[in-house]
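Coming up is one lone chain in structure tokens, specifically the form predicted alone.
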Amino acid sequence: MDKIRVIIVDDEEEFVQALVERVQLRGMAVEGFTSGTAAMKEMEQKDFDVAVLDVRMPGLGGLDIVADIKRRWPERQVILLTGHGSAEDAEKGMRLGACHYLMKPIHIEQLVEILQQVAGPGQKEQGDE
């Protein structure tokens, strides 16, 4: 079985690095970005299963990215993260096609469980610890 392929996008560099390391330790293939624009360029070049996006970032934010992902690659899944959550952002993100919305600070085990659920059949966590 293939590893679940994840892209994490958040403007907080230390948060991205920590999340990438923790998700990789659970056997997934993960790339992290601190810019929505850079992440979109990478998504055009590589296939992935799930994008984990911060809602509010300078420049291209998570709500903009989820709309573009779902328009271009409707089968790809999106999880939104925010430290500044509002019911309005959650509702808008879900309308745009996000499958989940999580508040920071996130619990890594909850995120991993959601990643496994949304990655689709045939995708399983490698190296269960």
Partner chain sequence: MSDPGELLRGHLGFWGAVCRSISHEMNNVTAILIELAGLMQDRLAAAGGQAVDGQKTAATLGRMGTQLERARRLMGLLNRFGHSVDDFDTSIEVSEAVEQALALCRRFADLKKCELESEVAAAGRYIISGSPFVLLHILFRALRAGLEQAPAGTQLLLRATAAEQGCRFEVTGATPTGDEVRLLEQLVVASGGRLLDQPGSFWLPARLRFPGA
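In this text the structure is predicted, and so the values were computed from the model without any measurement. Residue numbers count along the first chain shown, from 1.
Only in words, not in the display: the form predicted together with its partner chain, which the text now covers.
Peer 1: Indicate whether the candidate residues Q17, E21 and P58 are all in contact with its partner chain in the predicted complex, with contact defined as any heavy atom within 4.5 Å.
Peer 2: Yes, each of Q17, E21 and P58 comes within 4.5 Å of its partner chain in the predicted complex.
Peer 1: Is K70 close enough to its partner chain in the predicted complex to count, meaning some heavy atom within 4.5 Å?
Peer 2: Contact with its partner chain, no.
Peer 1: Any of the heavy atoms of I106 lying within 4.5 Å of its partner chain in the predicted complex?
Peer 2: Yes.
Peer 1: My question is simply whether H100 lines the interface with its partner chain in the predicted complex - judged by any non-hydrogen atom within 4.5 Å.
Peer 2: Contact with its partner chain, no.
Peer 1: Within a 4.5 Å heavy atom cut-off, is V118 in contact with its partner chain in the predicted complex?
Peer 2: Judged by the heavy-atom cut-off of 4.5 Å, V118 is well away from its partner chain in the predicted complex.
Peer 1: Based on heavy atom distances of at most 4.5 Å to its partner chain in the predicted complex, which listed stretch, 40 to 48, 72 to 80, 22 to 30, 91 to 99, is the contact stretch?
Peer 2: Within 4.5 Å of the partner lies stretch 22 to 30.
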